[in-house]
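Below you will find one chain, with nothing else, as structure tokens; this is the form predicted alone, and questions on how it binds or moves follow later.
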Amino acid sequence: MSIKKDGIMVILSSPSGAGKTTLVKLLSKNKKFYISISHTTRKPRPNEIANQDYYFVDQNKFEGLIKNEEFLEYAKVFKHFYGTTRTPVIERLEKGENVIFDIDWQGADQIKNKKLNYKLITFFILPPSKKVLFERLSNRDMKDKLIVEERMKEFSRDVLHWINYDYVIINDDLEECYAKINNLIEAEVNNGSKDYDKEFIRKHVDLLTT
């Protein structure tokens, strides 16, 4: 497989509120990555645009796609289904376009297990602290404290999946976080040196889970 011929796949995952969606949009804009648009059964948020942020479908439509084996990955998150259809992703990669995924750890595991013949780089994004995460979630879902509490409980479980990713990046400063991801992608593609301290990440995870 020639990386220069085929596109590469980059996955960004994170606990809810850690900022992965903003980072995905930055990579799409600055690096010309095609964002894989997921199907979901949840309702759009006020700032979301149908067929641009997500394909919003009902339960029956989603289950039909599962039955027809259309999904590259899918998962149930917070009572709603999310999934990535296979065909548009493979078509982009075969044209030499790079594809970026904004998906959770369940979807990331499924794509890894597919062992597709394209280079795959996975990133897990973490907040600098639980306090910052709570503030971000409260600002985003300020109308519903129960949603924030549910997200915080899920965080404690989600964070444990960091070990299954190639790289874990702490999103304290958005521009710095983006630069680290960008540099690691470049290093992976060009076989360059990688500035990455896994032991530092392990200690940070310990702080987040105590």
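All of these numbers come straight from a predicted model, not from anything done at the bench. Residue indices: 1-based, along the sequence shown.
This next part talks about the form predicted in complex with a small molecule, which is not shown.
Only one of 118 to 126, 92 to 100, 131 to 139, 77 to 85 places residue heavy atoms within 4.5 angstroms of the small molecule in the predicted complex, namely 77 to 85. Taken together, the three residues Arg45, Asp104 and Gly107 all come within 4.5 Å of the small molecule in the predicted complex, as judged by their closest heavy atom. Mapping the unseen interface onto this chain, Tyr165 falls outside it, with no heavy atom inside 4.5 Å of the small molecule in the predicted complex. In the predicted complex, Tyr54 approaches the small molecule with a heavy atom inside 4.5 Å. When contacts are judged by a 4.5 Å heavy atom cut-off, Thr41 does not count as touching the small molecule in the predicted complex.
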